[in-house]
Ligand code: GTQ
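In C-alpha cells, the next block holds one chain alone, the form predicted alone.
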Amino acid sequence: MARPHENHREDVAGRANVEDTPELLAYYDELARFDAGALWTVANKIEPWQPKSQSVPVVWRYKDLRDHVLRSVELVTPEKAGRRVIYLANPGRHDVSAAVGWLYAGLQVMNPGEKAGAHRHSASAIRFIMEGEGAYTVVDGHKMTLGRNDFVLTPNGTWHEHAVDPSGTPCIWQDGLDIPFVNAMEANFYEVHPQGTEPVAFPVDDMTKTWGNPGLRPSADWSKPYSPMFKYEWAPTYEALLKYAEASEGSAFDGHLLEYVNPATNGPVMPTMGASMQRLAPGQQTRAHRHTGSYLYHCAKGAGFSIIDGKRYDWSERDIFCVPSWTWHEHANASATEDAVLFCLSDLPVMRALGLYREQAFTDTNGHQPLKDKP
C-alpha cells in the first residue's frame, strides 16, 4: 500500500506527476483505511520504463564452496535434511531463496550408498552433474545413470528420487528449480511418496535410448508438456557443438549455442525452464547484448570471464554465475588453445510463451561494454 511519502512523480508527459497537498495526503490516508490507494502514487514505480532486476550479478566459485558442501555430509543426513543441499543466494533477492530472478539453484551432495526419499512437487527441476561416479535418478519409474556434465530433468508432478550406488564415489550436482516462480504464482504442492521410494519399472536409461537419437523419432506417443528425454548426456552434446562449429561461425553474441529441446515437439524441455550449451572458441569474446529473462550459467569446460553491466567477472570450470534480466553482458574465453563451454539454465520458455522476450544489441563501435572498474 502506497503511503503519502511514497508518491513516485516524474515530470514527463504521460507519467504520473501529482504534487502532494494537505487535502490529497488526507485523501490517501482515508483510502488506506479501506485497503485501497491512488494509482498515480505508485504508477511510475510499478510500470517502469524498462526492466530493473532486483537480482545482481554473482559468481559462485566452486573452489570456495566445495569444502562447505562436503562438510554438510558430516553435519546432516539425507533422512533428516530431506535433501542435503547448499543453496545459492543472490544478495539482491533476500525476499526469496533465488539465485537469479525467479530461479532457485543449489549444490547437492550424496555419499555412496545414500538415497534421498522419493517425492514430487509442482516445481520443475533440473540436475547438472559436477563430480563423482555412481549417481542415478529415478523419475516416474525410469532410472537414469548420471555422469559428469549430464543434464537431467525431474519435471513438475513426477515422482523422483536420487541415490549413489554403494560402489560409487561422493557425488555433487547442481540443482535448478522454478520454486520461486511457482511460489509467486501461489501454486506449489509437495508430496512424499507413500512407499518412500520410486520403484524402477523400465530398462535403465530407456528414455535417452528411445528419444535421444539425432534426427530420428520413435513411434511412441508423448503428450506431456515436458520432454520425454529425461537425460541429455554430455558427450553427444559437446560433439554436436563441435560439429556446429565446423559448419557455422555461430552467433556474434553467444558463440556456438545449442538449446536443449523436447524431441517430441522441438520446443523447450519444460514449460517454465529452458537450457542451452554454448561453446566459445579459443580466444573468442562475444559482443554485448541484453535480453529479458534470468540466466544462470555453469562453466562445464575451460575458463574465461564475462562483462556484466560494465564489470568483469572471472570464472573457471564448475563455477556458476548469473546474468539478471535486461542486463548488458558478453562472454570471453580466456584460453588461446582450449574451448570454453557454458551450460545455461533460464526462464526463457516463460518469456517466449507470454510474449515478454525482448533483446537488444550494444551499439558502440565494436559492440563491447566499457568496463566500469578493473577486475
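Sequential numbering from 1, following the sequence displayed. This is a predicted model, so every value here is computed, not measured.
The same protein also has a form predicted in complex with the named molecule, omitted here; what follows describes it.
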Here the chain is shown alone; which of 301, 127, 290, 143 has a heavy atom within 4.5 Å of the named molecule in the model of the complex? 127
May I ask you to choose, among 175, 254, 150, 114, the residue with a heavy atom within 4.5 Å of the named molecule in the model of the complex? 175
Would residue 179 sit within 4.5 Å of the named molecule in the model of the complex, counting heavy atoms only? yes
State yes or no: in the model of the complex, is some non-hydrogen atom of residue 230 no more than 4.5 angstroms from a non-hydrogen atom of the named molecule? no
Please determine whether residue 162 contacts the named molecule in the model of the complex, using a 4.5 Å cut-off between heavy atoms. yes
Give a yes/no on whether residue 285 approaches the named molecule to within 4.5 Å in the model of the complex, heavy atoms considered. no
Which of 163-171, 117-125, 261-269, 213-221 has heavy atoms within 4.5 Å of the named molecule in the model of the complex? 117-125
May I ask you to list the residues of 280-313 that have any heavy atom within 4.5 angstroms of the named molecule in the model of the complex, in sequence order? none
